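First, one chain by itself in structure tokens, the form predicted alone.
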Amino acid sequence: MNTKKLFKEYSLNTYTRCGPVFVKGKGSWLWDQAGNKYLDLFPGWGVSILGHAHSKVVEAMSKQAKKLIHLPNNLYFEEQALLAEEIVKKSFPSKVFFANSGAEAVEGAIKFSRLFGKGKKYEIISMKNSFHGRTFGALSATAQEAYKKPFKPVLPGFKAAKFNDFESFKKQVTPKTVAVILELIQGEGGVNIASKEYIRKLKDFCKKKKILVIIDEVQTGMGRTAKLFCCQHYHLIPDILILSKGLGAGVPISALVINKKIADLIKPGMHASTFGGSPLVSKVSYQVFKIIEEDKLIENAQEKGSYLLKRLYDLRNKFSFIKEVRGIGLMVGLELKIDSYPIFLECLKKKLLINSTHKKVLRIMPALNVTRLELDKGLKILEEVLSKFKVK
């Protein structure tokens, strides 16, 4: 069977696919049809925080599938209730709504902010170089022109401020401003990290002006930054927290976590999701929390993240075209003075998977249980590849 030919013939052309056809994964490793082994240091676009085919995830999924896979959300079932309780206990006093993807959760946050504004306040401020998803509301909040241009006009009511620039944010605020949405670390935007002073000023200002603070942790949540949630680095309790990707470690799930102070604004029938928080994905997600805790993966993310950053700083000193190394925990980016995509492709040829984003940034986001030996192997390949490139 020619899988690539089937994709070309029958799949909508929405992705720039590359590499071999993969058939199996285990931990931080993938195998292609020919039996070649690849080191995956960007598993599932940051989704597979436990690597591929984690035994406890497979077990939880298998056991649950034999009991209940799906139920509608107008019925009670314990798997979703237990997961909601776990999220609230691990975050802040809140109530939880489940959907299937980060974009869907962003849509829910936009709807909730409109509800909070009561028809008088509706403008939402996002940050330049942000990425919040590809559905129409999430796309409208995404402040990167390249994603929005083919689909204009996008939805009204969205403004963009400079990231890490409090004065730029203040200039965008009007009496109609109802919320601000931001990533504490912009992933797709190039691994840009919010300063603690910036977040402190923004938080205090929004509290005073009764502006909702929506924190998009689709990528940074679930231990990625060596805290369970990135907002914990900033001692920030948001009004709305958005989770996805690592929340299911491979199964499609997202969560809209609404601060308990405002959660009762929404009433039955105002929002819904057919598949959101099914027994199957809720059981798996609940198990993900247990694995993170039992296997001390937050501590591993801290230790391996520090080691990874140190090694990448060494590479920066060796290669003049590495402009900057940025990261927290196991969310790391290398900003280059040259295009990053050719480097990504060359790494793939040498059986290493990383990511190219924002034209000149390489992203490395390994599974939280990655080992030092695996990092060393990946860094060795990366160094070999980098040695072939130079500033033009």
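Since the structure is predicted, the reported quantities are computational estimates derived from the model, not experimental observations. Don't overthink the numbering: it's just position in the shown sequence, from 1.
Keep in mind the form predicted together with a small molecule is missing from the figure; the text below concerns it.
- Contact annotation for the candidate site: 103, 183 and 245 all lie close to the small molecule in the predicted complex (heavy atom within 4.5 Å).
- Although the partner is absent here, residue 133 lies within 4.5 Å of the small molecule in the predicted complex, judged by heavy atoms.
- The small molecule in the predicted complex is not approached by residue 285, whose heavy atoms all lie more than 4.5 angstroms from it.
- Contact check for residue 218: a non-hydrogen atom falls within 4.5 Å of the small molecule in the predicted complex.
- The stretch among 143 to 151, 95 to 103, 260 to 268, 115 to 123 whose residues place heavy atoms within 4.5 Å of the small molecule in the predicted complex is 95 to 103.
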